[in-house]
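Just one chain follows, in the form predicted alone, and it is written as structure tokens.
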Amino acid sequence: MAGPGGDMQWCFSQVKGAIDDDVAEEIVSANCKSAEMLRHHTPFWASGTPTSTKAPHCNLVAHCVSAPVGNKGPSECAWTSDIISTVEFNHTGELLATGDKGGRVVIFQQEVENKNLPQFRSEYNVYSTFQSHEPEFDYLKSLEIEEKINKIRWLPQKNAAQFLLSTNDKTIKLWKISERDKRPEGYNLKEEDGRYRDRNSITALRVPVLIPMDLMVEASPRRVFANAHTYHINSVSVNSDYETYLSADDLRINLWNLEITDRSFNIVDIKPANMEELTEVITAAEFHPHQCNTFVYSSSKGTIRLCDMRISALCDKHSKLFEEPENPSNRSFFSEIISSISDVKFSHNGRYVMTRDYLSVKIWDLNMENRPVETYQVHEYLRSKLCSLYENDCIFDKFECCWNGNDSVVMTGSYNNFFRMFDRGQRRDATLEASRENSKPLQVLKPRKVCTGGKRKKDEISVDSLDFNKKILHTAWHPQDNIIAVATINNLYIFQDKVN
């Protein structure tokens, strides 16, 4: 795949969260006996001592694996709660948030490499870890509500603190992330340990002072948005007015004000009067990056609907419908399943919409509804394997996709810990692998190729040898730099270009 300076390559530069396999298995074996510990332990991928190596200057646009965070393989004994379920950069790229099935949020901060040159940054280190959601039980419906974090969305920074939205299946929370390096001392009405003083013993007034202390990062819930979704929440998107956001479940989309928690407005409702007539569900939704009245949502039928909130309060009637007619030659029992859209993303300029279905990534121009302007096959070689993928439920995997900072390259995940990149301008693509075997400092990742039949070359891997338990579902791209994050089960890899 071509970049500004030639072929884009990737190499390893840093590792975090290194835990010896035998030690980790002993820890897991000991702690799995306690359900409370299982929920609140520090995840493998947020622990360990980071190592730093600076990548030398290179004429090629090369990228480095900045960090695989955690190193427990999917076949090894590891906590299910450690599985990463979402990855998201903030608007500047300085912070990277991850959520997992245990309801935890781990935030990584990009360190300044040289204080005199703050524009030069190096590795991401753990900044804050907190428990966002707890498991709950709905007694009216006899339904367990998982603590798994489905989505994380950052709000633009307006002061010294950072804010983010995190959601599980039912409840959305607004978190404030703030730093504190001073503590007050010298209260009049209470002692230093917090106990209140006897007022009769107070003979003089003191002026409280701020005493320096070690830096402490605090995460506090500022708002809790609950009881608005009957079905599982699959999407959260912050509006460009930064006052409202939407949340979507299988059948409805709600509009919230960030300051109001006790009510929301239902803007899309596709639930039929008779549930037996249900033919499709909402799979993803997102606001337009610049037009606060416009949003899109995708469905399990492979359609994308563009809605304008200026037309009516309830946007059941879409403004535009993006749908590609199915090729009759590809029609099969699995057609409806693989056409379901798992992710939808606006480009940064707002002109295009990218969608990901099971086998491909499609780019749609908002001015053309009848077909996508670009289609990229992610793993077409799996079309002959759909029957076995259906039997092991892999066909229902939901892959995410993302744009780079200038919308020239798109990225998405695949199986065998492969991830795919497509250069829109050069019409070139690359298949790369995130694995611990390629974790040597500055080691350039070689493009991988999958052999579908015939004689297999030395560097190729047979389609029959692919490991479907190893998959990259969640990806994120730094909004300004060539830095990406990909999650492989309970490992987080960060890649950055060698030139920078």
Partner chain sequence: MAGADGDDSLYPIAVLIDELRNEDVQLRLNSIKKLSTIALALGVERTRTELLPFLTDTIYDEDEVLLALAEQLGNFTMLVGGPEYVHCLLPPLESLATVEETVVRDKAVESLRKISQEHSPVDLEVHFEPLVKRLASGDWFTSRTSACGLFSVCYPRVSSTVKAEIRQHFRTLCSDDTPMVRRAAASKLGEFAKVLELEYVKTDIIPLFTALASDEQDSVRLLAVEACVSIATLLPQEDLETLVMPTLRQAAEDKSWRVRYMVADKFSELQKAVGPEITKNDLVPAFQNLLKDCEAEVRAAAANKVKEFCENLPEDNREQIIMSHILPCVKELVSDTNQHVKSALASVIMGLSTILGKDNTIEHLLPLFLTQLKDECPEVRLNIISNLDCVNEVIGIRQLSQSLLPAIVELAEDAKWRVRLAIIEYMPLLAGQLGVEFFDEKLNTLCMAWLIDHVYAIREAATSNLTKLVEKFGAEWAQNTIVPKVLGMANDPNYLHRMTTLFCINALSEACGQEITTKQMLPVVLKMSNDQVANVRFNVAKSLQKIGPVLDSNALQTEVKPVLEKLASDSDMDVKYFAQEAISDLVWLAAPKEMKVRMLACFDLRGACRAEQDQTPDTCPHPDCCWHVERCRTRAGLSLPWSFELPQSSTPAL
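In this text, the rigid core denotes the largest set of C-alpha atoms whose superposition between the two forms falls within 1.5 Å. Because the structure is predicted, anything quoted here is derived from the model rather than measured. Residue numbers count along the first chain shown, from 1.
We do not show the form predicted together with the partner chain, though everything after this point is about it.
- Taking non-hydrogen atoms only, Phe137 never approaches the partner chain to within 4.5 angstroms in the predicted complex.
- At least one heavy atom of Arg223 is located within 4.5 Å of the partner chain in the predicted complex.
- Interface membership of Lys176, defined by any non-hydrogen atom within 4.5 Å of the partner chain in the predicted complex, is confirmed.
- Interface residue remark: Met368 is not counted as part of the site for the partner chain in the predicted complex, having no heavy atom within 4.5 Å.
- The listed set Arg263, Arg427, Arg351, His290 contains one residue whose heavy atoms approach the partner chain in the predicted complex to within 4.5 Å, identified as His290.
- The stretch from 404-412, 417-425, 236-244, 357-365 that comes within 4.5 Å of the partner chain in the predicted complex, counting heavy atoms only, is 236-244.
- Residues are counted as partner-facing when one of their heavy atoms sits within 4.5 Å of the partner chain in the predicted complex; in 302-322 these are Met309, Arg310, Ile311, Ser312, Ala313, in sequence order.
- Annotation for Asn274: C-alpha shift under 2 angstroms between this form and the one not shown, rigid core superposed.
- Here Ile202 counts as shifted, since its C-alpha moves by at least 2 Å between this form and the one not shown after the core is aligned.
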